[in-house]
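So this first bit is one chain, no partners, the form predicted on its own, shown in structure tokens.
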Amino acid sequence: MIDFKAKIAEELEKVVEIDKKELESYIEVPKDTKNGDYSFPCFKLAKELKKAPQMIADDIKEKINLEGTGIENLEVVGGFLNFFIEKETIAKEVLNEVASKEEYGRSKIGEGKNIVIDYSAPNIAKPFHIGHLRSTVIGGALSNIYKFLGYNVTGINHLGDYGTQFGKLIEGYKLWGDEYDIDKDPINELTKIYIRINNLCKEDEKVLEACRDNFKKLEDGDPYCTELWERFKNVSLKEFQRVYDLLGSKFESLNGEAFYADKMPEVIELLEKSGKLTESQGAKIIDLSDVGIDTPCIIIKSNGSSTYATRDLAAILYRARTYDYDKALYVTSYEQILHFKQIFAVAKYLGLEEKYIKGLKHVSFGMVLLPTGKMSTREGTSIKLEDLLNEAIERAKKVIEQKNHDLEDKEETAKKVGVGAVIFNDLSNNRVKDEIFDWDTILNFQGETGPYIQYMYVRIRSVLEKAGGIPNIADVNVAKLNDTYSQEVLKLIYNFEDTLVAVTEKEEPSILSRYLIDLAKAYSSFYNENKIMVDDKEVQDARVYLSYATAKVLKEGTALLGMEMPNKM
């Protein structure tokens, strides 16, 4: 398929004698199509060429040769050069590409590059609550998109299966274990123990100290503590898997914090050799004030036990050696910004190659909030994610029954719509924003939601059925798609791969969500303005094929977000 942006940059290079790669990075896609399909801001060249942007734009327009590029018109507006693509050229390029590729938009631009994505990471022996939804779906979408673009991706579920919380659970179990039926309802019963022991720790410092000692014993391999820890872990994983099955989540690795227990001594040794590890009030720390971080990074607590930081540093060392990553992404809430600033700064003292340090990136996100505020397992105010997903499915089923009482496979359709609605809602806004959970918004078939995109897809399938199938691409006359509404859809389809690349540049799945809404809306306008079943076979075939291309991209795009498309609704 013609890369119009690259073509424009190539021609610009001949006129202004600046590297085409640099020029290409300046080219934009205007929000308003009246300003062309591509726009080049000449302000970027004003300093270098020592001319006013308007004058630069006029000079370029006079000298540039666009013959054979697929660009039909060039306009100067202020200091901008606005390029308009030939309508038939874009239609031909897009539809032929759709016809020739099983998966439109899939590419090999990431070939030979390794990406590690650390996401989901629920805590063992605690409910898999709604707060873990964001990490799970953001990380899952990024993993899917990077793979689609040819990268070698390792998705890691860095389970919270170590730390003082287990010392607390062990202490609570010692005190009240016989009061709770762990085998019958493991997670709920363990949560009750955790909330109870946590409250006691607030009241009694000695109990908190006993909890910390339990974790130290666990680190040292105490049989009783180890046996309890393994039991808590196994019952938790069974519960988590039910949620992952609902969400369609898959991971290449389930190595949690405990996996790095025997790898921490090397980290401590390397930090000692660097001369940065110092003692403070019985603990071992790294002072980071020289890099603008006022809070020191604690490596070993005063009682000799490890910290999150120690285990995360061991993970960086292991992942660099095992996966030879180009990027290592950590998908966690913005509450952990300081933690990751600290460990990325300390990682420089592990003796790793510079590329591994540069590749570390914290992909932070806002919280999922209840209308009443923040959730907390400690305070017992969290919502179990499994309960939420099941409620979404039930609510979707009621809406579907009202719309289509005779629909077959209601259960399967409700699952796709309900779970898809929750996923899309999470990925539809910029990830750094907090999200307030609102059922009326999430399951609205008319708003900018997952069900709206699914509904549009189902509508297109109905069009294709009425047309008796998809016409042969050789029979499609692209000249019949020159109207504004057809062109708007074609241009969006053309930009699908660029949209996916933009997601990976900013680690921002909402770019794809926004794109899918725009495509669904553009198709809706096309559908309302252009009758598809008409007497003119050439017009019908062209419009049917454009409908097929739209459905294909909607299905691929939503699949990358982690959603499934129903066949009927």
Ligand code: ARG
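Just so it is clear, the model here is predicted, and its values are computed rather than measured. Residue positions are given as counts along the sequence shown, with the first one as 1.
Only in words, not in the display: the form predicted together with the ligand, which the text now covers.
**Request:** Can you work out whether the ligand is within 4.5 angstroms of a heavy atom in all three of Lys168, Lys216 and Arg231 in the predicted complex?
**Result:** The answer is no: none of the three residues contacts the partner (heavy atom, 4.5 Å cut-off).
**Request:** From the candidate stretches 169-177, 406-414, 218-226, 329-337, select the single one in contact with the ligand in the predicted complex, where contact means a heavy atom within 4.5 Å.
**Result:** Looking at the other structure, the answer is 329-337.
**Among the candidates Ile268, Leu350, Ala121, Ala210, the residue which, in the predicted complex, approaches the ligand to within 4.5 Å (heavy atoms)** = Flagged contact: Ala121.
**Contact residue in the predicted complex, chosen from Tyr244, Phe445, Tyr308, Phe259 - any heavy atom within 4.5 Å of the ligand** = Of Tyr244, Phe445, Tyr308, Phe259, the residue with a heavy atom within 4.5 Å of the ligand in the predicted complex is Tyr308.
**Prompt:** Does Gly160 reach the ligand in the predicted complex, with heavy atoms at most 4.5 Å apart?
**Reply:** Flag for Gly160 set to yes.
**Asked** Do His132 and the ligand share at least one heavy atom pair within 4.5 Å in the predicted complex?
**Response** His132 belongs to the contact set for the ligand.
**Request:** Decide whether Asp312 counts as a contact residue for the ligand in the predicted complex under a heavy atom distance cut-off of 4.5 Å.
**Result:** Looking in the predicted complex, residue contacts with the ligand include Asp312, since a heavy atom lies within 4.5 Å.
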